[in-house]
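In structure tokens, one chain follows: the form predicted on its own.
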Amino acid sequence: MRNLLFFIALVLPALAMSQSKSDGKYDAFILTPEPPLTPRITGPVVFGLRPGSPLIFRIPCTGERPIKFTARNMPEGIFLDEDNGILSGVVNKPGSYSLTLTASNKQGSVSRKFTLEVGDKLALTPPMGWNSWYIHYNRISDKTMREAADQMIASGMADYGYQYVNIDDCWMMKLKSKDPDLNGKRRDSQGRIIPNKRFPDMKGMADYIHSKGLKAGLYISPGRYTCAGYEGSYKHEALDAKTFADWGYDFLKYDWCSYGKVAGKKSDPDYYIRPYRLMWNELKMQDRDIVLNLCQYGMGNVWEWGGEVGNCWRTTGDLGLAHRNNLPGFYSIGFSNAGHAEYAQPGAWNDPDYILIGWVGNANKMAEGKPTDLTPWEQYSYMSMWSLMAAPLIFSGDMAKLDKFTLNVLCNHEVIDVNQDPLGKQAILQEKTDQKFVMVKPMIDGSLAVGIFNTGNEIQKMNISWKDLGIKGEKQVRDLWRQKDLGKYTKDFSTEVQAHGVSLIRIY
């Protein structure tokens, strides 16, 4: 039986997956080792906040629960919930604060350095979390959002650094809707935006998400209405920014949508940047930190100026609408995003859209979810590309139908370490042919994270040379998906790579 499973994993990687929450049909494809029972602190090692803004940070940690947390060298104003590992409070004095976090259970203990950078930069590593769009669309509700927060904890995703629980479009009132839940006054007498009846308490929902040690995200358009026809922020930017802050939200996706109808002439040099600069300036005046995601599909070479008015910016159209040719759409989206590596840095990230694996909907029809049609190896390639590109790791599948294989893709701490590396460099596309491409990302410790991707339809033996990588001498090579040292190499490295698969390694 074991030989049969090995044969299936090795020879039939193109087998499409039909996942469910309970079956173990694809256990043979699982590469990520189970975490140890002893504690292991994961996720980012640095976090940015502004002086005077409230902090909430759940320490990502795997291991047998209960776990007791302690912290040394905490700055004045910061407190630790020792039972749940949640840092909270306010730091008023700017500076770099180096903490030592310790997690202990009956199996052992572990410590890790963690830095709070109190200054003017947020999102010092790419945001990680979940967004509602590609699974719930216009069916989203307060209840679903709260359940997603629960599932982020219960699934273990939060133990690997996933922290944002973000609602997308369709929480506001909708223009000319016949649905009684969505039809009504769009703003009150003072101009404040009114949520639709599926969201009776926006502040209460954010508070609930915060009670888990997680962060809450929101969505709106700078236009008169959103992509789905709901109320936008046009001419209410200052009031909306204050409202979102008063409600307690930590992330705002700002989607171009209908703004083109009021943007003026494209010959205006501020045509693309104006709405984002306006909201960016309003958000900076609030008494809490709100990460700003520019969603405008790469128009106007946004990567050249996005870091001036936001924390991350979409570089392409919607991935959920990308066409499959020989390769799934995430490849073409990824290749486009890869061309802008020089613009990524801490606090400013290229965003190629969400991670669409597990159960996802049909974006063309805004339909209910079904299992992804990506093969197991395509999913490993997807996650590897996004991690190497220092892209926001925002999952947008069904949180209620997370299976063991999907979690193995989303929750490998060594792969996530590549994404969350504080040096903040995006991988470069070092080589690309019809059958292969190689991405190389420098890491803060001097090592290289390298993805060797097979875009052919058959298993191939692939090679990378030290000369091409700009390195010399004996190097240790580690397989990040299997979390296994492969040995020492002096001139090059060769390996078999599955069809549409990847070998993701780290070279020390």
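Residue numbers here begin at 1 and follow the sequence given. Because the structure is a prediction, the values reported are computed rather than measured.
Just so you know, the form predicted together with a small molecule exists too; it's not on screen, but the next bit is about it.
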Answer with one of W313, Y249, F395, Y219: the residue that has a non-hydrogen atom within 4.5 Å of the small molecule in the predicted complex.
Y219
Consider the chain as shown here, without its partner, and state which of Y160, W133, Y380, F244 has a heavy atom within 4.5 Å of the small molecule in the predicted complex.
W133
Please tell me whether any heavy atom belonging to D169 falls inside 4.5 Å of a heavy atom of the small molecule, as the geometry stands in the predicted complex.
yes
Taking the small molecule as it sits in the predicted complex, is H210 in contact with it (heavy atom to heavy atom, 4.5 Å or less)?
no
For D255, is any heavy atom within 4.5 Å of the small molecule in the predicted complex, or not?
yes
According to a 4.5 angstroms non-hydrogen atom cut-off, is L124 in contact with the small molecule in the predicted complex?
no
Looking in the predicted complex, is the small molecule within 4.5 angstroms of a heavy atom from every one of D421, V440 and I505?
no
Among 148 to 156, 339 to 347, 295 to 303, 189 to 197, which stretch sits within 4.5 Å of the small molecule in the predicted complex, heavy atoms only?
295 to 303
